[in-house]
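Presented as C-alpha cells, the chain that follows is alone, the form predicted alone.
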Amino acid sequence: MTSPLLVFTTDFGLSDAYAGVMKGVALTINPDLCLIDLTHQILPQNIAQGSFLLGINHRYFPQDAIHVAVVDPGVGTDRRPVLLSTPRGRFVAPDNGLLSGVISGYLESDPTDSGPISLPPELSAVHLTNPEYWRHPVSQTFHGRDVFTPVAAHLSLGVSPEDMGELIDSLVYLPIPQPVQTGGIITGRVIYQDVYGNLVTNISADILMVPKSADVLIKGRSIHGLQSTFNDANGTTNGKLIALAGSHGYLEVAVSNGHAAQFLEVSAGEPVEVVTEPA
C-alpha cells in the first residue's frame, strides 16, 4: 500500500536546518513517505497567517494526506500537542489556534471570541500523550522534530490515532478576521504578503460579487476597477497598482511586475475597502 503524503507547514524558513531535519526524522521512521512542503515561510510566530494559509490550501491535497503544522511560539509550555482528523486530511500541530482555518470550514458560524470550542461531529481530535511515538530525548524547544513529525510518520504506517493519546472534544480556536459590509462598502484587511509582494486580503471572491468598476481603497490610494490578470490587457502597464481576485479566491492588491508591499509600505493588518456603490 502506498504511504500517504506528509505535508509540512511551518514558520522555520529555509536558511536553517529545522525543516530538513524534520524530513530526516520522518524518513527514518517510514522511508517510503512522500514529503511535500506547503510552506516554511509563515512569518515567525504568526499563528493567524499559518491558520489562514493552511485553511485555504489543505483542500488541494489528497484526503488521506497527513499535515505537520508548526507555528508554535508556546513550544515547551503547557499548550497541548494534538492530532486533528477531518474528512480532508489529518493534522498534527500545537493546540494554539493554528488549526482554526481548517476547523472553520465545518462550523455553521465563526466564533467571535478566542478560546476552546467544541468540535463539530465531522471532526475528532487526540491529545498526544503517548511518548512511545515520539523521538527521544524530546527537546523542549523543537517539538516539530521530536513530537509532531514522529507522530505523523507513525500515522503513515497505520498506527491508530487512539493509540497516540487521549480523545478530546475541543480545540483552541482563533477567530478568523471577517470583512464587514456596510451599504456599498466592504471593509477587510491585509492578511499576508506573498513572495511577489502581493497583498492578500480576507475579502473572498464569494463576497466580492461586485462590478469591475468598483474602487479598492488602501493606504490613501484608490484603485479603480478590478483586473483579471496581473498584466491585464485593459491598459495595465508595468508599475501600475492593481486589484484582482487571486487564484486562492481572495482579493489582492498588486503592482504589475512590481512589489505592492514595498510600494505602499504596508503589511498584515492594513485596512482595505471595496466601494461598490458611489457615495
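Since this is a predicted model, take the numbers as computed values, not measurements. Note that residue numbering begins at 1 and tracks the sequence as displayed.
Quick note: we don't show the form predicted together with another copy of the chain, though the next part is all about it.
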property: Check all three, Val68, Pro81 and Pro111, heavy atom within 4.5 Å of another copy of the chain in the predicted bound form; result: no
property: Close approach of Leu251 to another copy of the chain in the predicted bound form, 4.5 Å, heavy atom; result: no
property: Contact label in the predicted bound form: Tyr196 to another copy of the chain, heavy atom within 4.5 Å; result: yes
property: Heavy atom of Tyr18 within 4.5 Å of another copy of the chain in the predicted bound form; result: yes
property: Pro73: touches another copy of the chain in the predicted bound form, heavy atom cutoff 4.5 angstroms; result: yes
property: Residues in 11 to 33 with any heavy atom within 4.5 Å of another copy of the chain in the predicted bound form; result: Asp11, Phe12, Leu14, Ser15, Asp16, Ala17, Tyr18, Gly20, Val21, Lys23, Gly24, Val25, Leu27, Thr28, Pro31, Asp32
